[in-house]
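This document starts with one chain, in the form predicted on its own, laid out as structure tokens.
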């Protein structure tokens, strides 16, 4: 667990037909945070769950921010490339296919950055309460990669206009985006779990 560049947990697949998941926690979470969610939405999937390497008042994150909703974009880019390198190393080490990212909040934002900066690293993504990670977004070629974006109607952190802009940005880059706005705030709800489970089931069926 110490050879790669992130402290992480890995749980091997128990079902051959389930895509591996890259679990990316929110601010203050760690490598254990989303394991339960991963098992709920895709039972049988291999789970790769790193801990963010940036500390904000002692709380792990995946990149620095200057204020709530204001990102250090140079750091976003650097950290996304570091995460991409980690995923490539972990794929070789554990013998897994390109994973589908499941990110919440800060983890969803780094997953969106990874899609835009290193399109080949992920097979797709479930972005829970994500924002546009880079104001000057690179021109990515996402070639039909499936992306599920779940936003909260009453989210005090992510304005509706921002999540809509992210959906448009990923669509313009060629991703197959499903964007749903739920009657929720920033925290996850049962509806998130149900929608994510159904969506990933369809993705796995289409890949089979």
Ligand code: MLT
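Positions refer to the first chain, counted from 1. Quick caveat: nothing in here was measured; it's all calculated off a predicted structure.
Quick note: we don't show the form predicted together with D-malate (MLT), though the next part is all about it.
- When D-malate (MLT) is considered in the predicted complex, residue 145 lies well away from it, no heavy atom lying within 4.5 Å.
- Taking non-hydrogen atoms only, residue 168 never approaches D-malate (MLT) to within 4.5 angstroms in the predicted complex.
- Residue 27 belongs to the set of residues with a heavy atom inside 4.5 Å of D-malate (MLT) in the predicted complex.
- Although the partner is absent from this view, residue 86 stays clear of D-malate (MLT) in the predicted complex, with no non-hydrogen atom inside 4.5 angstroms.
- Proximity to D-malate (MLT) in the predicted complex, defined as a heavy atom within 4.5 Å, singles out one entry of 154, 36, 69, 174, which is 69.
- Judged by heavy atoms within 4.5 Å of D-malate (MLT) in the predicted complex, the contact stretch among the candidates 134 to 142, 98 to 106, 115 to 123, 78 to 86 is 98 to 106.
- In the predicted complex, the residues of 56 to 70 lying within 4.5 Å of D-malate (MLT) by at least one heavy atom are, in order, 61, 63, 65, 68, 69.
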